[in-house]
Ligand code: NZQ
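Shown next as structure tokens: one chain only, the form predicted on its own.
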């Protein structure tokens, strides 16, 4: 096994019965919270009233900021930070999906450093890696997807430049997170599907490229992937089932808490780099949907370039019981079987289906190389240049969704 470091400072409360413990803990972060939400679904469903009641019961003042977009906009984050500084808030409480949690981390950093704009601090911009700290961030995730409730990462969009880029610091890791499956039973099917795809991506990334040095990480990762693959169809059939929602939510947290990569070789998140560039071009594209579109094309490109075939074959063996003595055959059968799963669960599409036309592929590939490769080829078990990225994008156009019959 390779050397590694694991640091998970987040205090996690799982289950609706843990509400009292979570909100009691919030008092240790200050007396004034900035409560951040998205488009209003938590308000319309009555969940926001429950959270506010808990805050008021404990004498915690709050300033509400609503309107964080999917793929949160830099300008909205700037506006929220200005309000937080004006109100002199002590900590952030993010109540929403990955976008709300990511935005709250960025807001916390701007307030702490007394800065006004977040975009100069993202990857590829001049002030990247220069933030000094952040106010404490706490979260109540309402989607099972990003694992932002335990990570150091935030992803910011800037429609003005058709850009999307991450910002990451250890001090962005949330101090406390309450995982309440009851808040997930009203999620739309599309959000549920896209979230499951996002969970899988967090495990796929290093499993495929990270080598064979850590069997414990492999077995751990396979358990998360298997749970998602088995549970998503059940959740789509029974969306109000809290037990199933809980399995997806906990799988999301387990998929990106750094244990899933422990002992393997550190490798870049190629799929994420490609998808962030895609949804930077089209901010309406859900991150998980973009990833689902990329999976088969990326895996096929790796096989065609004679890369990590053994790891793709191993996924076929562990996830779908594919048995063969030929690694190339096993890898190809894994991709075909996984494509069937994507199709059966409404996740098998082309980039042109989500308003990203082939004529835009070179422009998006150039952005990927500039921002995520620092102007150089990226490393996907070997060089991945602009032309390789375009080839992956082009392969998605072979994917035609056929509505599954149940």
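Only a predicted model underlies this, so the values are computations on that prediction, with no experimental measurement involved. Numbering follows the first chain given and starts at 1.
The same protein also has a form predicted together with the named molecule, omitted here; what follows describes it.
Visitor: Is residue 214 a contact residue for the named molecule in the model of the complex, using a 4.5 Å heavy atom cut-off?
Guide: Although the named molecule is absent here, residue 214 would stay clear of it in the model of the complex, with no heavy atoms inside 4.5 Å.
Visitor: If you check in the model of the complex, is residue 151 within 4.5 Å of the named molecule, heavy atoms only?
Guide: Yes, residue 151 lies within 4.5 Å of the named molecule in the model of the complex.
Visitor: Quick one: is residue 109 in contact with the named molecule in the model of the complex, heavy atoms, 4.5 Å cut-off?
Guide: Looking in the model of the complex, residue contacts with the named molecule do not include residue 109, since no heavy atom lies within 4.5 Å.
Visitor: At the 4.5 Å heavy atom threshold, is residue 197 in contact with the named molecule in the model of the complex?
Guide: Residue-level check for residue 197: no, no contact with the named molecule.
Visitor: So which of 138, 252, 277, 142 reaches within 4.5 angstroms of the named molecule in the model of the complex, heavy atom to heavy atom?
Guide: Filtering the options by heavy-atom distance leaves 142.
Visitor: Select from the listed residues 193, 173, 311, 287 the one whose heavy atoms reach within 4.5 Å of the named molecule in the model of the complex.
Guide: Checking each option against the named molecule in the model of the complex, the one that comes within 4.5 Å is 287.
Visitor: Of 351-359, 43-51, 26-34, 376-384, which is the one stretch near the named molecule in the model of the complex, taking non-hydrogen atoms within 4.5 angstroms as near?
Guide: The contacting stretch is 43-51.
Visitor: Since the partner is left out here, which residues of 248-273 would have a heavy atom within 4.5 Å of the named molecule in the model of the complex?
Guide: Read in sequence order, the residues that approach the named molecule (within 4.5 Å, in the model of the complex) are 256, 272.
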